[in-house]
Structures are given as structure tokens and as C-alpha cells.
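Next comes just one chain, in C-alpha cells: the form predicted alone.
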């Protein structure tokens, strides 16, 4: 029986998704549970185990070569623990040890969810074939990951590329991470909406105060809504340009719910990037929308596991995998 599948987990504050992923990135089996995010840590782990039990009960489990986990963070792959902000019961929780109780000694990789998204976009999506890339999720928070020298670069703990906590406003608002003026504090969906409301924007009859509602108002020309997105775009541009200057990426891929605003976000982002990415070796930097959608976490966790395990036959050759 060939070992030609990767088992993948995508763990977040609302869902625990699992899949068996083949060498073309196709999900050949799925399992899913709701995340009991406010319950004790062991209760959450039981749901993870339930997802793994469902996958391991599949007739295709014997084909699994490795296991990949993408989790909301922070994560620490060096010791196998996770401390997701949106799962209070998991603080330095030994997730890898818990998963090993089901999967045994299969090769296993743990990365943050932004790194998993990056792996998916590089393997099958908007960063495919690129030597250097920053891929980012702009949603309730702002996360990301890096591709360097054609390979996923998760870093020792699985968090490299976490652009949301680059400071772009030295005297800016305090961020929950403990710093000030972080990209996330300016560009995340809740902060786009907060700033619009503080500036006098008012939602429509339905009372929707989400970033998507702000984007809808911006499309109709509301100046406060547009200004909030322009400020978010400026913060993103500053963080992207800083990253490109440091490690010479050639493309920035932007996904997540806020990216669904389309040109309301991307037009001012590209304009602002021209003001920040001015050196010759970064001036050609492209910004493109993500392509992988809701399965990015699973596909990316599989890609990260394949790269770490050196599985050259999985998808593209390992020197390109990521």
C-alpha cells in the first residue's frame, strides 16, 4: 500500500477540521467538529481526537505518510505546545503529544495557521512557483508566513512571518500582544470597524458593524469608511515593505475576510506600497489576492508536513513544496 496521503488538522476558535490530502492537494476524506473554545483544555482535545478517530477509521488511513497540524497561535513547534488566544483553556497545551496518542510515530509537523495558509498558497495558490513570498491572513487578526529560497520558512517555533505584530506606528494604540501600533491593531477587521465608528460612520438599517459593512459603505463613497480602509491599507503596506526589504520577497498574497473587500482594500494598498517599497530591489513587489479559500489551512498543514518529512513524491518536489 503506497504511503501517498497526508493527514491534516486545521484548528481554530470555531472549528476543528481534519482531512486526508493527496499529492495534488485534493481532500479525499474530511472530518469536522465545533471547537468548544470556552471549555477546559482537555474537552477541546477530545474533539481533536474525535476528528482524528474519524479519519483514522477510514480505509485510506493506511496510506498516510505524515501528519500536519495548523493551529491558531501562538504555537511552539519546538516543544509541541499551543496557546491560541481564542481558546483560553489551551495555554502551553501539549497538542503534539495529544495527537501522537492517536497517530503514533508518524512524522508530524506543527505550524501556526498563518504559516499553514502560506504553505497552501505556495503549493497550489497565488504564490505557486515563487522563490520569495509573504502570505497573510487579514481577518479578526492579522497573521502570515514566509516562503524563502523556494521553501516554506516556519522558523523554529512555527511562527515566522507573523506580520500582524510588526509595529508600524511607534506611538500607536496598545496592542493585546503588549506592543504598540501593530499592523493587527490597525488593519484587522474589528479595528477597521472600530475606527470607522469612532470617526462617525453609522451602519445601515440592519445594524451591521462588521468590516464587511464598512467596505460596502466605502464602495458607495462614504468618506469615513474609505478612510478607515485606507489607514488599514497603509499599515499593511508598511509591514509588507519592511518584510520585503528584510528578506527580498517578490510577492505578497493577502487573504482572509478583510481581503474580501476587493479593490476597497487592494487599490489603496497598492498605492501605499509604492510609497514604502521604494528601494530598487523591492520596488517591483506584487500584491495579489489569495486563491485557496477555506481549505487553505488543511492543504497548507499537509504541505508543511510533507516538506518537514522530506516527502519528495508528494505534490511538487520538496524543494518547491511549501
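Keep in mind that what you see is a predicted model, and the values were worked out from it rather than measured. Residue numbers count along the first chain shown, from 1.
One more form of this protein should be noted, the form predicted in complex with another copy of the chain, which is absent from this view; the next part is about it.
Considering another copy of the chain in the model of the complex, the lone stretch of 229-237, 208-216, 191-199, 117-125 in range is 229-237 [heavy atom distance within 4.5 Å]. For the chain shown alone, residue 155 is a contact residue for another copy of the chain in the model of the complex, at least one non-hydrogen atom being within 4.5 angstroms. Contact annotation: residue 148 falls within 4.5 Å of another copy of the chain in the model of the complex, judged by heavy atom distances.
Another copy of the chain is not drawn, but in the model of the complex it has no heavy atom within 4.5 Å of residue 87.
Although the partner is absent here, residue 275 lies within 4.5 Å of another copy of the chain in the model of the complex, judged by heavy atoms. With respect to another copy of the chain in the model of the complex, the three residues 162, 248 and 280 uniformly fall within 4.5 angstroms at the level of their nearest heavy atom. Contacts between 171-202 and another copy of the chain, taken as any heavy atom within 4.5 Å in the model of the complex, involve 171, 177, 178, 179, 180.
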